[in-house]
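Before any questions on how it binds or moves, here is one chain, the form predicted on its own, in structure tokens.
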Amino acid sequence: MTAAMTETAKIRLADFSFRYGKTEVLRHISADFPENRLTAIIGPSGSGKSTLLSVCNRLWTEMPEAKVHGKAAIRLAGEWHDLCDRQAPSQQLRRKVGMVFQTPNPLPMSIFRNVAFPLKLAGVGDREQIRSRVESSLRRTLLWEEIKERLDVDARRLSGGQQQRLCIARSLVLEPEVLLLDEPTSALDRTAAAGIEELLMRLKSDCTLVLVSHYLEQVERLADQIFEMSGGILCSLETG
């Protein structure tokens, strides 16, 4: 890895370490995550995978005992942003860096309002714009044809696979440049998981994806780049 940021890098870590209290969770990590590619991170539970995702959208700043060392940066709208600066504003960054969790977490409201919620938080008030962007996100996740007649139904009534696609649609409605996914298929059956995998392959054409997974077979199918996390140390694995 070169000392300079590469042209295609979207996220860059250089000799980066993360400590929570007295526990060192991430150790001297150096890696580039390329733009419009799917980078996968595998490894056992507790190895630091989810912590690394929390660094990429600066969620670590909500942890008062957390400390970082080294360099971590993300390129958004062509400009590099320091992920290690606790004082840097995070609101705009998190609009451009979406997050999908292991267990689907639809809000206790209608399908439509679930997807529209981030737009309301971002101050978008035009109803036609909201409706258009909600429909676009639901189409991208192949949910629109399944639920277009049920937009007022409580989102929690959807199937597990539909709920996870809804959560991805909610993340996509702000048109993020990066999507972080923490075990997005582990709570789903095989058919639903296959649907999410197919969706991820389509999304990476215009969004940089970072996927945490326990399943080597899954990431070998999907990833352009694979890392293994063990004891807080990140090592590159060959792909293809």
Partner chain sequence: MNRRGELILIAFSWCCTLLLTAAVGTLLLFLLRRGLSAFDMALFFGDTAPLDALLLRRPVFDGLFPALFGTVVLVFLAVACAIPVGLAAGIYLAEYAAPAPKRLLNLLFDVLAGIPSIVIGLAGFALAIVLHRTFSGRIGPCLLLSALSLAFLVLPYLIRSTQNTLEAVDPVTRRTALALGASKLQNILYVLLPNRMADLTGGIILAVGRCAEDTAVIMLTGVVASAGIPDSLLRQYEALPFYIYYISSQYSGPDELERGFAAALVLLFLCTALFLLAFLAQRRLKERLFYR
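Numbering follows the first chain given and starts at 1. Remember, it's a predicted structure, so these values are computed and weren't measured experimentally.
The form predicted in complex with the partner chain is left out here; the points below concern that form.
Note on the interface: of 125-133, 139-147, 68-76, 108-116, the segment with non-hydrogen atoms within 4.5 angstroms of the partner chain in the model of the complex is 108-116.
Although the partner is absent here, R170 is a contact residue: one of its heavy atoms lies within 4.5 angstroms of the partner chain in the model of the complex. Interface membership of S213, defined by any non-hydrogen atom within 4.5 Å of the partner chain in the model of the complex, is ruled out. The partner chain is not drawn, but in the model of the complex it has no heavy atom within 4.5 Å of L83. Although the partner is absent from this view, E62 contacts the partner chain in the model of the complex, with a non-hydrogen atom inside 4.5 angstroms.
Between the partner chain and the residues N57, T39, S47, T185, the one pair within 4.5 Å by heavy atoms in the model of the complex involves N57.
L174 is the sole member of L174, L199, C207, A192 with a non-hydrogen atom within 4.5 Å of the partner chain in the model of the complex. For the stretch 67-83, the set of residues having any non-hydrogen atom within 4.5 angstroms of the partner chain in the model of the complex is empty.
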